[in-house]
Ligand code: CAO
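Only one chain comes next, encoded as structure tokens, the form predicted on its own.
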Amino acid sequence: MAKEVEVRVPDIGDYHDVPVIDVLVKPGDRVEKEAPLVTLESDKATMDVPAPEPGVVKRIALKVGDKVSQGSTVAVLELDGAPAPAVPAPQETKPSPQAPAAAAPPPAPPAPKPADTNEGLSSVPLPPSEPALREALPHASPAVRKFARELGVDLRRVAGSGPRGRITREDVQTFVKKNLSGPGPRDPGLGEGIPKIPAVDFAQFGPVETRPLARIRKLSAAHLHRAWLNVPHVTQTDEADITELEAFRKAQSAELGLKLTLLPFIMKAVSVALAAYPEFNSSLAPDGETLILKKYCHIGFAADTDMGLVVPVVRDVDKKGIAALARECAELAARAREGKLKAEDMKGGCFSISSLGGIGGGHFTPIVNAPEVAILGVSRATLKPVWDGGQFQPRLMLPLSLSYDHRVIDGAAAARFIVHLVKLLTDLRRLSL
């Protein structure tokens, strides 16, 4: 008599009601010792329930979506080492003359009984309703699920390339590249994994005032939200010694009778840095597979207005002098404050600069102005004691914050870029090299 053994869920610690995310065998399958039968997933890990001995699967007690605890029945195995039983014959093979010949090996149960038994079990691993179960519970590890949640990706819309359709981290990344990199319509599954902020009736706590958001702020908010979700941001910070630059700026302002701000100097230095590191003057193609390198240098600067933030663009910065850049920046800033910028004035930027120097503060994390791949944040310069090798000297130090798209730029390139920029700002003579 063949020996049957009931396989149960082993000790899984303090976990209870752990979901079954995969059934790896079906009745009639021959399995070796330690072969996985089903896969469970806790909050922190996945685990397979293995076969204790080699044998044939007689019955599966679980289906995808079931929840189990320690001791729950998984399957019944026949451990006699006999070959796997034949799949029950279709109903048309019932003729009685054939039945005795087919049932020669003992035991020989009547044909209807195994047919009925298997008919009830054969649909368990792959029942007609399983697509709905898989829709509700995609096959992915906890780490992949967390990664997808962070990106706002609905795993039900991601095709899995792993064993038995399991979704891998690379599958999520591929999905994001195809659906988030370009300006076209997004897959509706993107962003569904991000919980909505619940509505609150603030009037219950005290007086409130409802004020409509300015149109520019609405447009900026939507753009910044898209950029923040689509671009994996990293920010590199540093400080530039602008003691000499500031002295030169003040002297030239008086000599030329022109209000020279720090912005045109930074713009010029950025244009030189972009020429040295061209990947910063690029955009990721909509397919997420190619990089578009720009052979022009148009730089935008964030202008704070009563109506909201706008980013006018100065064209061909690399071909203009400091005085010309100063005049153009002043003109664009004035038109921005008056609400007279044209759409063309805010298009075509390769790189953006967000300067808070006139307000104050230290380093911050500017949001990349996609489809650009980097943005420079500039804060207020402060006097600091800097060691010159022999003693501390008061130096005017300018905080810089470089945010970049990590899909295009790695950390080492970002560090080299900002170090090069610091050198240019520290010694203006390098701009002429």
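In this text, residue numbers run from 1 along the sequence as written. All of these numbers come straight from a predicted model, not from anything done at the bench.
FYI, the form predicted in complex with the ligand isn't displayed, but the following is about it.
Novice: So if I measure heavy atom distances to the ligand in the predicted complex, which of the stretches 168-176, 298-306, 343-351, 149-157 falls within 4.5 Å?
Specialist: Of the stretches listed, the one contacting the partner is 298-306.
Novice: Just to confirm, Ser355 within 4.5 Å of the ligand in the predicted complex by heavy atoms?
Specialist: Residue-level check for Ser355: yes, a contact with the ligand.
Novice: Using a 4.5 angstroms cut-off on non-hydrogen atoms, would Arg249 count as touching the ligand in the predicted complex?
Specialist: Taking the distances in the predicted complex, the answer for Arg249 is yes, it comes within 4.5 Å of the ligand.
Novice: Evaluate Ala381 for contact with the ligand in the predicted complex, applying a 4.5 angstroms cut-off between non-hydrogen atoms, and reply yes or no.
Specialist: Heavy-atom contact with the ligand at 4.5 Å: present for Ala381.
Novice: With a 4.5 Å heavy atom cut-off, would you call Lys259 a contact of the ligand in the predicted complex?
Specialist: Although the ligand is absent here, Lys259 would touch it in the predicted complex, with heavy atoms inside 4.5 Å.
Novice: Only one of Ala227, Ala333, Ile322, Val313 comes within 4.5 Å of the ligand in the predicted complex by heavy atoms, so just point that one out.
Specialist: Going through each option in turn, the one that passes is Ala333.
Novice: Give me the residue from Leu245, Ile216, Leu263, Val76 that has a heavy atom within 4.5 Å of the ligand in the predicted complex.
Specialist: Of Leu245, Ile216, Leu263, Val76, the residue with a heavy atom within 4.5 Å of the ligand in the predicted complex is Leu263.
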